[in-house]
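The chain below stands alone and is given in structure tokens; this is the form predicted alone.
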């Protein structure tokens, strides 16, 4: 059950990271780890990042539940690549190269990722950033060979108010042979902006990494800070965090289902689901003073208590959703022209979802059952007996049905949380100490992970992993063999964050 790769990690030098010990490997042991990974498919790569001196990776042993952070020193500007053994590392290795200048030796893809050749410096997070590079060249895409192929370029500017991203389709007639996604257009330099700030000041940047999951990212950042400093948020703060997280989950799932149906020309669903999403956002504003609840979660606790009448506003909003949801599900399931578009479209297999350790609705629609609220778990969820839905089909329809099930479960959780909110303090004081911590939270997209290192109360290094890192590559796979006209359905059913991976 332990596995050869896990055993190599556990032999590393222990570093004082909380709540999970980080281990440092020599160059030789890291190379041995890469060689051992194919023999242990259950050791899932969650994320990869770096600082000026080391490359770091976070693994989860899905057989034992062990969470294994591991690092190796950067030697002569590089480190052995993980991408030959874990394909999810490829985009992350490109990100590390662009931000820190560290090369993934033997990696599967060394093209630029975030850096489009327009930054004032290359390698901006390095100790000594480089000068601005030459004028940018057109982006390089992977070659495709075959007869009667043509390319369709979409974006980065799209119709409507959505984030920018470039989609390069290679098609044979209407059938997509390959999709390649190019992102980085919303890069904000977030990691650099957070350095040398206190956690309370830097929390505003974490909250804005991906605005639609601001609560989840804020919880993960707060928990990483609290772990680094060895403090716990008060019980009432944890309860209020849970309330906010479930409101965020319901609102986003409602919006996603309406958008998916609208892309199949079923505007009635967009109108009704949009109505209920708006009701949830108004309830959030009434309860916490902001429609998205931005900056309501802070390291150490929460910024303020639930407002008078806030609980009643939330209960009224979820009662409205609960009253109409069964009829909306019935309409969805019996509208034949809609079902014809979503069933069997954009299929992701369980094998592929496992290879990328994909969570959230994308992973659960392909048969995976992971949920950070249960494992590793964090307050207030251990006592709530969270039910995680899962379907095996892996298509657009399964991703819609996962959302239906999660809306119903979040309504149940909200009622439990609101009827039994603990009393007491809203936040605890953060000491001005040094330390290193990892925090996680379950967003509506899946598991969010944050890591930071503090030096006398200020951030020395930080990284934030949005679940979309593991989902964008699967979108490329999901559209293969489908027609171009079905891409909006596939894209909306994933609803990956652009900003979350652009950092």
Partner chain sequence: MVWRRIFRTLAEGPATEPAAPIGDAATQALAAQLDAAAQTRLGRSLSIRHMDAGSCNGCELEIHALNNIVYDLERFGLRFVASPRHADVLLVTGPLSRNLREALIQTWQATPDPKWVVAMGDCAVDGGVFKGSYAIDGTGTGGIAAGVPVDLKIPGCPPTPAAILVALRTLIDANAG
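Numbering follows the first chain given and starts at 1. This one's a predicted model, so the numbers in the text were calculated from it and none came from an experiment.
Here the subject shifts to the form predicted together with its partner chain, a form of this protein not shown in this document.
(request) Have a look at 221 to 229, 329 to 337, 372 to 380, 394 to 402 and name the one stretch with heavy atoms inside 4.5 Å of its partner chain in the predicted complex. (result) One stretch meets the cut-off, namely 329 to 337.
(message) Considering non-hydrogen atoms and a 4.5 Å limit, which listed residue (409, 163, 263, 354) is close to its partner chain in the predicted complex?
(response) By the 4.5 Å criterion, the partner-contacting residue is 163.
(message) I need to confirm a contact call. Of 347, 303, 294, 311, which residue comes within 4.5 Å of its partner chain in the predicted complex, counting heavy atoms only?
(response) Comparing distances to its partner chain in the predicted complex, the residue within 4.5 Å is 294.
(request) Kindly confirm or deny that 20, 64 and 94 each have some heavy atom within 4.5 angstroms of its partner chain in the predicted complex. (result) No, none of the three is in contact.
(request) Using a 4.5 Å heavy atom cut-off, state whether residue 268 contacts its partner chain in the predicted complex. (result) Answer yes; at least one heavy atom of residue 268 falls within 4.5 Å of its partner chain in the predicted complex.
(message) Against its partner chain in the predicted complex, would residue 6 count as a contact residue? Criterion: heavy atoms within 4.5 Å.
(response) It does not: once its partner chain is placed as it appears in the predicted complex, residue 6 has no heavy atom within 4.5 Å of it.
(request) Please check if residue 278 has a heavy atom lying within 4.5 Å of any heavy atom of its partner chain in the predicted complex. (result) Yes - in the predicted complex, heavy atoms of residue 278 and its partner chain come within 4.5 Å of each other.
(message) My question is simply whether residue 430 lines the interface with its partner chain in the predicted complex - judged by any non-hydrogen atom within 4.5 Å.
(response) Taking the distances in the predicted complex, the answer for residue 430 is no, it never comes within 4.5 Å of its partner chain.
(request) Can you tell me which bits of 165 to 200 touch its partner chain in the predicted complex, meaning any heavy atom within 4.5 Å? (result) Heavy-atom contacts to its partner chain in the predicted complex: 184, 185, 186, 187, 188, 189, 190, 192, 193.
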